[in-house]
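Taking the form predicted on its own, here's one chain by itself in structure tokens.
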Amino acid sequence: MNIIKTLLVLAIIAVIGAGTMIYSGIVNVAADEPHSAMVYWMLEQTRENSIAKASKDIKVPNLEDADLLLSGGADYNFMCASCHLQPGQKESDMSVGLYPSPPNFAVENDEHSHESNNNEDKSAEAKKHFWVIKHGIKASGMPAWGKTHDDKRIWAMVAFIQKLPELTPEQYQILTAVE
């Protein structure tokens, strides 16, 4: 009986604490103030694990198809480049102003590395990119393009993103030109 009373008291304290945080306005939600290291880690882990779980059963088409690459370039330039950048670009007003910062797909890095020749790694990365483009990420600035774009068009963007780090600024301009 004492355990139940203790748990009840702890639950009441937790609800009062959560209510105080929610209604007091003490939590800073400004995008120009970073989260604490612990909060950032928790959010990052939650996002990565959620995307990995949600995308694991997605079937990846042939992303080497030239038509996909060409059609994905125009969409990337119009819908993605202001946040995720172009070859030769280090930042934009959007990429600087968003928190957390969107990944720069025009360069290779640890978060979305293309250095592995392992097809399983590239496939898992493609699945994650597809899922994120289609469903977006809450409270991050990443829209859910699946509401306005079919799967083929989203896969075209994924194909383009995979090739993007290899492109020069001139090749990018050619591949993203709209006819």
Partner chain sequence: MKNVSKILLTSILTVGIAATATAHDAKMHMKKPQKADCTVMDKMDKDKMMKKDPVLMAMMKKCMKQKMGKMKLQHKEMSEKHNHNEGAEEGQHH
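This is a predicted model, so every value here is computed, not measured. Residue numbers count along the first chain shown, from 1.
Although it is not shown, the form predicted together with the partner chain is what the next lines describe.
> Would you mind picking the one in 51, 126, 58, 70 that has a heavy atom within 4.5 Å of the partner chain in the predicted bound form?
Contact with the partner chain in the predicted bound form is made by 70 alone.
> Is there a non-hydrogen atom of residue 98 within 4.5 angstroms of a non-hydrogen atom of the partner chain in the predicted bound form?
Looking in the predicted bound form, residue contacts with the partner chain include residue 98, since a heavy atom lies within 4.5 Å.
> Can you tell me whether residue 150 touches the partner chain? I mean in the predicted bound form, with a 4.5 angstroms heavy atom cut-off.
No, residue 150 sits far enough from the partner chain in the predicted bound form that none of its heavy atoms falls within 4.5 Å.
> Using 4.5 Å between non-hydrogen atoms, is residue 106 touching the partner chain in the predicted bound form?
Flag for residue 106 set to no.
> May I ask you to state whether residue 37 is within 4.5 Å of the partner chain in the predicted bound form, using heavy atom distances?
Answer no; every heavy atom of residue 37 is more than 4.5 Å from the partner chain in the predicted bound form.
> Can you list, in sequence order, the residues from 37-65 that come within 4.5 Å of the partner chain in the predicted bound form, counting heavy atoms only?
The stretch 37-65, when checked against the partner chain in the predicted bound form, contributes 38, 39, 42, 43, 64, 65 at the 4.5 Å heavy-atom cut-off.
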